[in-house]
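In what follows, one protein chain appears twice in different forms, each by itself as structure tokens: structure 1 and structure 2.
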Structure 1
Amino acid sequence: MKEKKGAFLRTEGLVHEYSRRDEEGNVTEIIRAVDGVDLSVEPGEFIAVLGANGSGKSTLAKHFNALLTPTDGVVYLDGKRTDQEENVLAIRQLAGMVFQNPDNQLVSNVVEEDVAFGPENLGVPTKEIRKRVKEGLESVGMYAYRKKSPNHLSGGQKQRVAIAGILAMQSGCIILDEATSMLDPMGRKSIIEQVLRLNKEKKITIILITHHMDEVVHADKVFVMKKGKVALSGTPRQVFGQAELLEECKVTLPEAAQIAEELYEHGMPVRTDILTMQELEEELERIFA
């Protein structure tokens, strides 16, 4: 069964429950990590999913490429249901996932061999694999490191190699599940700039799950999770304009927005919808011109 044409990714009434068991294997508690989520993502969009620890955002993300299947409801990716076994390989080829710790994804002692691992498992011909590996590493600025061991790379460089591996599988969608949380600010900035470039230039759909608000200001849409539900959604400016609701969801404002808010509270006539440092600088120049 295929979904009607339209959204690239769609969830309908998505529910995911975990069971807690005692030492004898008896169920002691049912935890509803995702609770009736409806959302849609268009091809080529950059989507961000925010929320406090335990809000359900990572559990939700694992449904997008069939790492988890719904307890109830349906997930479609490119028109294919993720809970149908015959669709799983195609779904995972189309939607690649980059996790918090890149060491969990790197399987080879040589960078180019690691990038080749995915397409090799898909049975891609050797000549085509070489082409994809070269293009994938060039796309993330890591071609010069192709003969290196991943063990000698920085955390940010490992993340780039993981992304190159997804690209070599010709993934039309990259899901980053807290993929920058272990990096320093410069490393995070570099990865997000790379992801934005892939989104704009190659029209790759990006789904970013993150705690870092500054990473999502350029997203097309933002979904804020609270207790397994989508509590808030919209453009970054719409979402970050609702400070009280964000506080209830334990989500903070981007740094530039926090500074602008403090300046406004101290009597400075600053715009209250500022999201980036560049916008803040331009606003201050306007005020003091």
Structure 2
Amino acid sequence: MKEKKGAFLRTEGLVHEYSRRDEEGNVTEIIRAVDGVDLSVEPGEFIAVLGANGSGKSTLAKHFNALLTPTDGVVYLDGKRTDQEENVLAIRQLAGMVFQNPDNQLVSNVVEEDVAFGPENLGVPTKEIRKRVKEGLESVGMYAYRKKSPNHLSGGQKQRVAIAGILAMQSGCIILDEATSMLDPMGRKSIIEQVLRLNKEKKITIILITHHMDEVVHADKVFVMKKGKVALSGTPRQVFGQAELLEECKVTLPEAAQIAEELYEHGMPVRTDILTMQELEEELERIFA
């Protein structure tokens, strides 16, 4: 099989179907959760995938690290096909995943041993594991908690431990599968800050699956999913400029964009591609000057 080089992650005509069965085990319904997705992600990019519940964004994400394999189409991660058994470990090592429920993804009842879980599975030598665990915990600011039980940590702290576990595998990519949706605003903010920093400083590719609009304004590229398809894609500015299409995808605009939109509708000459409150503030300053 010829391997494709270039993009860090690429999907070609990706389709994922699953079937619902009745009590006798007969297939009653086939659901196309992902329906022909083509996308590519360059190394070091910050990608956001938006979409309402049931739009297929989580199913899509699980294809990126071979937790699911395509019904049709192909997914390449770092040039390796995800549907080939011999690639699976290498792919999962390269693309780590943080899941939605902070309680259900930590394995050990001691923080540092949990961070060590990935490298232990990969057969990393003991000395090297300790070094990576220390570095991983330090870079998410959780080193002081290394001997604690995850049961004593807040949701945000648990997600940071999960990120440390991925760093300890030396993954080049972190996929956050609605990892902030169960957190309070403080926890959410801390996770977004962490991944933004890892993206900038360590050039780690970030794929953020979320339904919080304010988290995606810093992304390089945004994909908006609707009924298993990519309905919209582009920079946040390009995407949020298309208010009507977003409405159809059941995605709401960030607050600043909502205000700008309302002002525009009432005849104020305000830019319609505003994303943040800071931009709105500058725009207002310009208009009123």
Partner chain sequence: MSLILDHVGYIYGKGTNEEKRALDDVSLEIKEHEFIALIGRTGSGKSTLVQIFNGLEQPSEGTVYFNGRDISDKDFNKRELRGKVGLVFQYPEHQLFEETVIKDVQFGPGNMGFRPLDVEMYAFQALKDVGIGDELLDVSPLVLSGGQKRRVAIAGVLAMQPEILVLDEPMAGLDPVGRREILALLQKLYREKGMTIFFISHNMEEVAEVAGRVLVMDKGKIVLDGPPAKVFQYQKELEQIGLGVPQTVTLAGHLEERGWSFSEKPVTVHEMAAEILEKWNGGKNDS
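For numbering, take structure 1's sequence and count from 1. Not measured: the values here are computed from a predicted model. We call the rigid core the largest set of C-alpha positions that still match within 1.5 Å between the two forms.
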**Item:** Pair member which, unlike the other, is the form predicted together with its partner chain
**Value:** 2
**Request:** Look at P269 and decide if its Cα position differs by 2 Å or more between structure 1 and structure 2 after superposing on the rigid core.
**Result:** yes
**Asked** Is E12 one of the residues whose C-alpha moves 2 Å or more between structure 1 and structure 2 after the core fit?
**Response** no
